[in-house]
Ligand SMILES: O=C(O)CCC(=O)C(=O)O
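Single chain ahead, by itself, as structure tokens, in the form predicted on its own.
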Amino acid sequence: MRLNTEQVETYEREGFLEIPALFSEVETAALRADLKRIFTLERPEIPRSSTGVPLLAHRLERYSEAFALLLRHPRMLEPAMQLLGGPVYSHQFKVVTKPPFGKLDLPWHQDYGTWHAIDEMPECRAMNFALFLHDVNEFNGPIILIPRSHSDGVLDAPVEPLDGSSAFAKLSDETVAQLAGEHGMVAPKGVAGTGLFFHGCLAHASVPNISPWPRDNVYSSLNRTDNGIRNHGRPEFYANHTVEELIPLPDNCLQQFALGLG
């Protein structure tokens, strides 16, 4: 799958590109169907809050056949390779879960800020892909982006601890206020199956899910194979220590898997 000229220009200008219905309901349902099992597992890749509530599930390809297919799906990989200008590998691959009436929020940050400060990723030749596994609306904790903030490059951000996760480069309130004053904010919303590509330097955050509806998003952080991290101090499920090029599978791989479940 290749992006057209308008889509590439939108990504480069705004720092993100939203594609509605990138994956079908059949495909997203197959992924959703495995979440309940995944979050019952006791694994180091599945951190929990101080009260024992699961927050994320990292390196899903190790223990989920459906998510292993998604990691190599051409509708995710091929646009990423096109935007980054070369082959990619998986730096991170996770689900962030926000059950109804939950409390999980993620402070303002640039992902590359953490990858550079902690993992010593040389350059921002990395990006994120988010897949909505449920319908996302203004009430169930959508991701909030500051458009065009990627054009400011890497911003100063102190590294702080984050509940249920590793250290984290958090943007200050003053920095966020300045960026929002210049560029505003957007909260991409859409039906399950919507895909969102966004730049590694794009400032973003999310608030708790105050609604009665779930919100689970998959996040695949893809890095150019010639831009591997230099510091392997974090557990490798937070920051992959191995550069292994991802080769796209056939476009119908997840659909065929879903049909096999039936």
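Quick caveat: nothing in here was measured; it's all calculated off a predicted structure. Residue positions are given as counts along the sequence shown, with the first one as 1.
Just so it is clear, the following notes concern the form predicted in complex with the ligand, a form of the same protein that is not shown.
- In the model of the complex, at least one heavy atom of residue 96 sits within 4.5 Å of the ligand.
- Contact annotation: residue 204 falls within 4.5 Å of the ligand in the model of the complex, judged by heavy atom distances.
- Residue contact with the ligand in the model of the complex: residue 215 places a heavy atom within 4.5 Å of it.
- Contact annotation: residue 219 falls within 4.5 Å of the ligand in the model of the complex, judged by heavy atom distances.
- The candidate stretches are 98-106, 185-193, 80-88, 118-126, and the one lying within 4.5 Å of the ligand in the model of the complex by heavy atoms is 98-106.
- Among the residues 143, 176, 131, 169, the one placing a heavy atom within 4.5 Å of the ligand in the model of the complex is 143.
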